[in-house]
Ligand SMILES: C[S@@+](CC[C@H](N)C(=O)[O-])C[C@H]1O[C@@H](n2cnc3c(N)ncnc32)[C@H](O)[C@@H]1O
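Encoded as structure tokens, the following chain is the form predicted on its own, with no partner shown.
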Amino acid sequence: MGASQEKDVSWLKREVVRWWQENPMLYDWQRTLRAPVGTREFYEEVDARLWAGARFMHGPGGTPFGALIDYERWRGKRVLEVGCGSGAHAAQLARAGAAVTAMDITGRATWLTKQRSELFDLRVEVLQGDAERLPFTDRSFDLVWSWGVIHHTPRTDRAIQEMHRVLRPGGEACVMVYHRSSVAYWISIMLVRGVMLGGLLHGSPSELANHYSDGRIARFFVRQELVDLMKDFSAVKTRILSQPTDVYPVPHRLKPFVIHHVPERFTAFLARRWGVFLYAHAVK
């Protein structure tokens, strides 16, 4: 990469940091979160919103993300979370007995996660760092977990290479990025906002997707692209996941009505085929 490209990437990375510093991931889309920041009530409300929107990933008994994370399996193992946000996933893993290191690119996210860990008496090592240059030695972790993060960095390929580097042989990476072959991308963004509302007259598809997604950058991938990026791993399996509300391109006020009147099995089918989340489980 030339000096000019490196300069552009550095500028974009600063923009990414600025955006997330100003808009931490609190699942507060309507700005209705009222509990004082850093209190028990604050974290409990943040978690309630996250877990409510992720019921399709819960395990038996409603364990948050239990369909994707075998918590007992990682007890006593070294786990790295890349992009910890407010620390919800790190907290779940720490409660299950994992030796958790949580990292984020912004000072605000690392503060939120440290405050959560102290408040709830959880053993979580928290530090600020860049997914494209992980500050760890080779073969340091048994699991790398990253939920909706590395599609927000300029060089997603480098972030994946770094995950591979810091994993021990046989270690696992669990990664979620946005799915381009989704209803949300093609209908809600490209057709409605791009064609019908004229957005594509003023910007490229990637610019339009960025504008209507969270983050300064929001990259969308298809399955083969993600598999290709993870080519250094010995095995990669992908799944399509989605909240039920994301598979119906109708106004928000109509989504509950549609979901209520459409058979649940059909909604689940759409979510598996054209959902908004592309999830990969890879083994080094």
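Just so you know, these numbers come straight off a predicted model, no measurement behind them. Just count from 1 along the sequence shown to find any residue number.
There is also a form predicted together with the ligand; it is not shown, and the following applies to it.
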Touches the ligand in the model of the complex: residue 25 (any heavy atom, 4.5 Å): yes
Contact of residue 106 with the ligand in the model of the complex (heavy atom, 4.5 Å): yes
4.5 angstroms heavy atom contact with the ligand in the model of the complex for residue 129: yes
Close approach of residue 147 to the ligand in the model of the complex, 4.5 Å, heavy atom: yes
Candidate spot 98, 140 and 167, all three touching the ligand in the model of the complex (heavy atom, 4.5 Å): no
One residue of 153, 182, 117, 92 in contact with the ligand, assessed in the model of the complex (non-hydrogen atom, 4.5 angstroms): 153
Heavy atom within 4.5 Å of the ligand in the model of the complex - the one residue of 16, 9, 262, 268 that qualifies: 16
Heavy atom contact within 4.5 Å of the ligand in the model of the complex, the stretch among 76 to 84, 189 to 197, 167 to 175, 204 to 212: 76 to 84
